[in-house]
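Given next, in structure tokens, is a single chain: the form predicted alone.
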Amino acid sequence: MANLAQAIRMALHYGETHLGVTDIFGQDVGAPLGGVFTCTQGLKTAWNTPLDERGIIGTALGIAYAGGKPVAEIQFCDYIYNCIDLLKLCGNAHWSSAGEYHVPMVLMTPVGAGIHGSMYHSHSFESMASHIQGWTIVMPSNAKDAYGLLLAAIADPNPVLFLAPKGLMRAKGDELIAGEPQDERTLHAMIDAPVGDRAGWQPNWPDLQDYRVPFGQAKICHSGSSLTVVSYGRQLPACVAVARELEAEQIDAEVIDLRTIYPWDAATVFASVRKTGRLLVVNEDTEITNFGEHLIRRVVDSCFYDLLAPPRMLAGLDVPGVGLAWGYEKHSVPQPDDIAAAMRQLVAIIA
């Protein structure tokens, strides 16, 4: 099975071969590195830029306006904050032109903790991004969804922000991507660049197929009736694992992978909450003005009389950064024990 980084790479290859991608670029995106997480190795349209986030986004906007289809990367989301005004320009172009102009660009950036990145490489960005209108925002939790969401992003005529969880880049999927070989060693030999001299290396791409995950369509990853757990990205697999463990305690959690931050699948979330009466939102962005608060507000507005307990959010601590020491990092963002405790506490509340 492909890991998440390989899935992104295969989606980009399919995009430049079948969906009209003209440019894939960013810091260290081209040869010889192929991206700090190896997501762009071997791609024919990949090229390197200076270390200039504003220049990267401005160039992507210009290429899109000129009729190209760019996929740009900000190497870490921690360095995207000086580009908020440019992101707003990209997002409002279609609306402000009364639908006359499109901006067919994809902006990829890795997010979150889990790689010992300390305060400069561990931020989350989805809550901030959700305030920038005009962008579709996606965050996969597994390799197959990464492939499908990225192809949907490339095909979309307007800006899509593709948030790849740093801590899941080497996580292997549990479902085959259409066209990938079943043996992961075969895939590795085909598309992973060798260590050392890569001057003569060329990938041997598998016969990949078109597969797209529709925007705004969540996935129920674990069915249940005791409480609803909504998550995405790196925290989603942890929520599923905890839900399976707590079955032994007769705690029957329904875990929903949001997949798309905006637009998000309100219908699936509301239907689950109306069934379970309880809601826990889990992510690792800081808890103040967290996107999870928006989800809770919408659930309270629409499902108030179905709730058996106050909705709860489990998120990152309200601190300026994530510590380098592993103990500090684990304390800064939710861990499986924290998720289990939150589930137990919510189920224990008697209406």
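Here the structure is a predicted model, which means the values were calculated and not measured. One-based numbering along the sequence shown.
Missing here is the form predicted in complex with another copy of the chain; even so, the following discussion is about that form.
Legend entry - Contact assignment for another copy of the chain in the predicted complex, among Gln209, Thr186, Ser225, Ser96, heavy atom within 4.5 Å: Selected residue: Ser96.
Legend entry - Option touching another copy of the chain, based on a heavy atom within 4.5 Å in the predicted complex, out of Gly91, Gly167, Gly148, Gly173: By the 4.5 Å heavy-atom cutoff, the listed residue in contact is Gly91.
Legend entry - Any non-hydrogen atom of Lys275 within 4.5 angstroms of another copy of the chain in the predicted complex: Judged by the heavy-atom cut-off of 4.5 Å, Lys275 is well away from another copy of the chain in the predicted complex.
Inset, instruction - Give a yes/no on whether His131 approaches another copy of the chain to within 4.5 Å in the predicted complex, heavy atoms considered. - result: Heavy-atom contact with another copy of the chain at 4.5 Å: present for His131.
Legend entry - 4.5 Å heavy atom contact, Pro311 to another copy of the chain in the predicted complex: Pro311: yes, in contact with another copy of the chain in the predicted complex.
Legend entry - 4.5 Å heavy atom contact, Trp201 to another copy of the chain in the predicted complex: Flag for Trp201 set to no.
Inset, instruction - Choose from 113-121, 173-181, 247-255, 234-242 the stretch whose residues reach within 4.5 Å of another copy of the chain in the predicted complex, heavy atoms counted. - result: It is the stretch 113-121.
Inset, instruction - Heavy atoms within 4.5 Å of another copy of the chain in the predicted complex is the criterion; list the residues of 278-305 that meet it. - result: Counting only heavy atoms within 4.5 Å of another copy of the chain in the predicted complex, the contacting residues of 278-305 are Asp285, Thr286, Glu287, Ile288, Thr289, Asn290, Phe291, Glu293, His294, Ile296, Arg297, Val300, Asp301, Phe304, Tyr305.
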